[in-house]
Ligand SMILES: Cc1cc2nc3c(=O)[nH]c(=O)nc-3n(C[C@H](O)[C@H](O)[C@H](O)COP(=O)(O)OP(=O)(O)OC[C@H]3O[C@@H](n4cnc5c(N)ncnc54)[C@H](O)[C@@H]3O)c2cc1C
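One chain comes next, on its own, written out as structure tokens in the form predicted alone.
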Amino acid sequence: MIVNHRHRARVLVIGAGIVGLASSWRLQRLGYAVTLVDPAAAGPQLAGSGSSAALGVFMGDVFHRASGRAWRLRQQSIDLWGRWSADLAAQGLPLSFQAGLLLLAATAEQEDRLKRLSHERQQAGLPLELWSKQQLQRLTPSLPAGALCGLFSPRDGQLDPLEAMRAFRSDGQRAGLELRHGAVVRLERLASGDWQVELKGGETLEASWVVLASGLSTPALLETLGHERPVEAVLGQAVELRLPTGAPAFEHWPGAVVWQGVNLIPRPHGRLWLGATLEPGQAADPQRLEQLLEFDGQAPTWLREAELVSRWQGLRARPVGRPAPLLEVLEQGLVLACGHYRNGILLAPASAQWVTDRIEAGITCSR
């Protein structure tokens, strides 16, 4: 009976980043009629969203708090990624997950914090390991010489963001997901209680539910409805490097290494992704990129000599005055799911499940 009701319920998801795609995929597979709207929704590369420029680093078990909403979302997402990846693989859409994350300490204070965190997580039954400086020195190519110790998390790691986004879109389309290319300029509640969405150019779409996963454009869409959810732009820069000739291949490296907020992702064929997401504003600062590459003077020789293959950047929305991410039901039929300026790839499944649960509960209550 509920399934039949789902088939009559139309949902519009605004925003084709990883959260919008995961939400669309989950709702479509449950039987809802879902339309995903975004200027890049039908493009082959899914360009334009902050998710398309993410590195896909999972920092769940090494999160500094062990309670509260942020911790619960991370733990739920780790579990959901395992199950959803299996579902996608069964449809011929396997995801490339590089297991393991190594969080390095550069100061005595950081070393003490990692030791405490290791003990706390082990007491809670999570398989974190503290690696000594001697253990770190066995990795090739070498890590920054200033690394005092490292906290290894086997359940964290790195997932290819574009591959995951393409998988959600492809499997969703097979289930009937409709993609609509366009920019949303206005939201309006109709007398019937449904929602009308106006696209640039004047086209309108109607649905019982609207999911806003639209990043930086969200505040303008909400303003005319009387909701204030300010966000600010945060820029992430990343580069792909090729190791110099003769440099050792990545041996015993985990899926991701984090040094002073900078992520290092080993890639096949002697390549490396390197980047961070903590730069305010919308214009990339070349000096900031140089600082990333130099590791504040701690870069090992192989990194200093590596060849720059490509570089990219992306803007993410950071909530102002509210904790990230923004997950709220603002009105009947209007769901907000944005502000994933960090850990958006990791948190996508839990955010999508939160959206789905709210829509399911709202439909059940309205019957």
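Each residue number is its position in the shown sequence, starting from 1. Bear in mind the structure is a predicted one, so any value in this text is a computation, not a measurement.
Same protein, other form: the form predicted in complex with this ligand, not shown, and the subject of what follows.
- Contact with this ligand in the predicted bound form, judged by any heavy atom within 4.5 Å, is made by just one of 306, 62, 55, 336: 55.
- Between the options 330, 299, 315, 33, the residue in contact with this ligand in the predicted bound form by a heavy atom within 4.5 angstroms is 315.
- Note on the interface: of 109-117, 122-130, 215-223, 148-156, the segment with non-hydrogen atoms within 4.5 angstroms of this ligand in the predicted bound form is 215-223.
- Among heavy atoms of residue 319, none comes within 4.5 Å of this ligand in the predicted bound form.
- Contact annotation: residue 182 falls within 4.5 Å of this ligand in the predicted bound form, judged by heavy atom distances.
- Of the heavy atoms in residue 276, some are within 4.5 Å of this ligand in the predicted bound form.
- With a 4.5 Å cutoff on heavy atoms, residue 29 does not count as touching this ligand in the predicted bound form; it lies far away.
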